[in-house]
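Shown here is one chain on its own, the form predicted alone, set out as structure tokens.
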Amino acid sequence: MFTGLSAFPLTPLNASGIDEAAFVRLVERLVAAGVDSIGALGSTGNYAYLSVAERARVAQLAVQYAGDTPVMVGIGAVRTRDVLTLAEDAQQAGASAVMLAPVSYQRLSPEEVYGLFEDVTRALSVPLCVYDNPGTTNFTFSDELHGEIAHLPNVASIKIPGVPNDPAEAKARVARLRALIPVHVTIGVSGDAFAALGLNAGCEVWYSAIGGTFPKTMLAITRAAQAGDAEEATRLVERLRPLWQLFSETGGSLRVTAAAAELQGLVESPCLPRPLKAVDGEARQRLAALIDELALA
């Protein structure tokens, strides 16, 4: 399951809590599009803003409605005790894999991060994806630490936060990491604007935030790269440059993705946990125009 397009849907909320009907629609949309896996409760899934019980319910819904599509469930939390509970909940729900970021309030040391993954992998019966997301965790993995963690039991993939903009440097960056990890551990690119660069550089999977809302568009990029057509994959990503620019201007993909789902009628508005808000005003107008102009689907 750690190849191709792994699409990360929103976890939409309404006045009552989790908007279960809307979440199910998003999951079923991904299944119908033919994504390779579904990443529930990633950053796009607002995992850090939900209670343990809410996250358990989302995991259950994702697995129930994903059918034969593998589901990976995010289990990151500030305290190891809660991570272990979330891991057990995900496994009980039938998740095919879990994903763990070293979430913290106090900045973690490399030794503490290794200890976290050591504790969690020891308790798992499903594969784990290492979620390297320094923009939110304030922890930067070294390649050496990735290598050490990748040799722990059940580690199956590493989700890196992008690659250099130069194709040769991107290949070199992936090669350096590849040399330190076991052959069965895949490398996945995140940061949607880096999709073609990462896939063309040798990443096996694209962990996509916007893919959770527009899976068909992002599958076209993924399939081009998988077929070895680096030029077409790059063209398709560059075509979406105005969207990536909007991400950059508004603080990341989440607020834009939420607004896109609202504009498409896939979720109610507002759908994010307060104090978060989807983009509005001029940015929202630009987004609506881009959805039409780029034929996002």
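Counting begins at 1, following the sequence as shown. Because the structure is predicted, anything quoted here is derived from the model rather than measured.
The form predicted in complex with another copy of the chain exists for this protein as well; it is not shown, and the discussion that follows is about that form.
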item	value
Joint contact, Thr85, Leu124 and His184 to another copy of the chain in the predicted complex, by non-hydrogen atom at 4.5 Å	no
Partner-contacting position among Val27, Leu254, Val63, Ala261 - heavy atom within 4.5 Å of another copy of the chain in the predicted complex	Leu254
Single option in Asp36, Glu54, Glu268, Glu232 placed near another copy of the chain in the predicted complex, where near means a heavy atom within 4.5 Å	Glu54
Distance check, Leu236 to another copy of the chain in the predicted complex, heavy atom within 4.5 Å	no
Heavy atom of Ala288 within 4.5 Å of another copy of the chain in the predicted complex	no
Interface membership of Tyr207, another copy of the chain in the predicted complex, 4.5 Å heavy atom rule	no
Close approach of Leu152 to another copy of the chain in the predicted complex, 4.5 Å, heavy atom	no
Segment that reaches another copy of the chain in the predicted complex - one of 189-197, 129-137, 171-179, 213-221, heavy atoms within 4.5 Å	129-137
Within 4.5 Å of another copy of the chain in the predicted complex: residues from 258-279 (heavy atom criterion)	Pro273, Arg274, Pro275, Leu276, Lys277
